[in-house]
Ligand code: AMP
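Quick setup: one chain, the form predicted on its own, written in structure tokens, and binding and motion questions come after.
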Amino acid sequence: MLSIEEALEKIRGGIEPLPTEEIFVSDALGRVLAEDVIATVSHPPQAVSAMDGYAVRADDVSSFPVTLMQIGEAAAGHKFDGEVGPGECARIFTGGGLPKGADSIVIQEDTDADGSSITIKEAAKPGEWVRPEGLDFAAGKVLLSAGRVMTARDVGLAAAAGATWIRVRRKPRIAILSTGDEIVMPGAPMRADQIVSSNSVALVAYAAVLGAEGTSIGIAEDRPESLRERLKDATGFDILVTSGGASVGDHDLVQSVFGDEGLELGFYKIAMRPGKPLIFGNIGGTYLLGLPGNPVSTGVTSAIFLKAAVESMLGMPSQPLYQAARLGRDLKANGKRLDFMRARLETSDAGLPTATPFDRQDSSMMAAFADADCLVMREIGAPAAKAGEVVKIVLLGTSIIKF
């Protein structure tokens, strides 16, 4: 069996980034940049006032009080075309362009106006209350680098920088196939010995959270011909994710049937719990990720391996799998497989957060998985651990889209 690190290396090394496409900047939220965003304009495009007041020459107001003659007005979007000379000033508003000849601003609270005669009551240094051209960024500066997931703030920055169309990675298209005679689609009639195919619904949601587009292509019965028929529906997708049927039981057919259909197997089985029976490969030009069927196993393996696959398709740099936390309760020694325990996470004012694993860790317990904030990782053969010890965790609930 592979270690989790070996499996992740095979997935990341075996998946090529998807082609790129151009989209309008307003549609860029959550998309992954395929090219740097470079400013085509400076911000601000010229020196502007940071306050309402008067544009002056600092030499004229080095001592005070002094009375200057107002010769014009500059508001945001309404430039004053004149030039401020000795003994003169111009009324200016926040965002207004600094008139020629002026080099500083006196805020209006430090002035008295009598018609066009403006008495300055405080001195001003050169550049005071002036935002110079390019204070935020200059034309030609790389503002956002390829591989970055666009946040709402990034979208605004790109627009301000003059980007109208930006190049991003195409969203991965994921076909989701559930397997098993015991499952039915939500809303369909079911027998007492059947359950709802919740994995198909959850995987579509997982795909969206990761920045991909998931499509359920139905359920394959525990018959080879049914699995072959559903495989045809995966044509044109970037990756096929199956749920269930990845083990070696009499009704677990994914590997054998797909092997007959040309599956190039990358790996099978990982030394972890939950999620041991996991398949990665390529079939007919479509990547295959065969996940175990227990709902929690599907969720845990999605949070680790489907995430890595999608990130590779999007050309994103590899993300650290683990973070650090303090253990919230004592744990027994671990066995022969890497264990991922569902846990609640609580923030702390004293550094690391606290992760408290649930008492019961059965891989069919969906309610507990939904309540979990993270997975506490336990190494193979790890000794008993005491509350307060530092452990590695995998965060749950993180999304590709951030504010």
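One-based numbering along the sequence shown. Predicted model, so just to flag it, every value in this text is computed and none were measured.
Beyond the structure shown, there is the form predicted together with ligand AMP, which is absent from this document and is the topic of what follows.
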Exercise for the section: Would you point out which of 204 to 212, 288 to 296, 117 to 125, 89 to 97 contains residues with a non-hydrogen atom within 4.5 Å of ligand AMP in the predicted complex? Expected result: 288 to 296
Practice task
Although ligand AMP is absent from this view, report whether I195 comes within 4.5 Å of it in the predicted complex, heavy atoms only.
Solution key: yes
Practice task
Check whether I183 has any heavy atom within 4.5 Å of a heavy atom of ligand AMP in the predicted complex, and answer yes or no.
Solution key: yes
Practice task
May I ask you to state whether S302 is within 4.5 Å of ligand AMP in the predicted complex, using heavy atom distances?
Solution key: no
Exercise for the section: Could you confirm whether G245 comes within 4.5 Å of ligand AMP in the predicted complex, counting heavy atoms only? Expected result: yes
Exercise for the section: Note that ligand AMP is not shown here; using its position in the predicted complex, name the residues of 116 to 146 with a heavy atom within 4.5 Å of it, in sequence order. Expected result: none
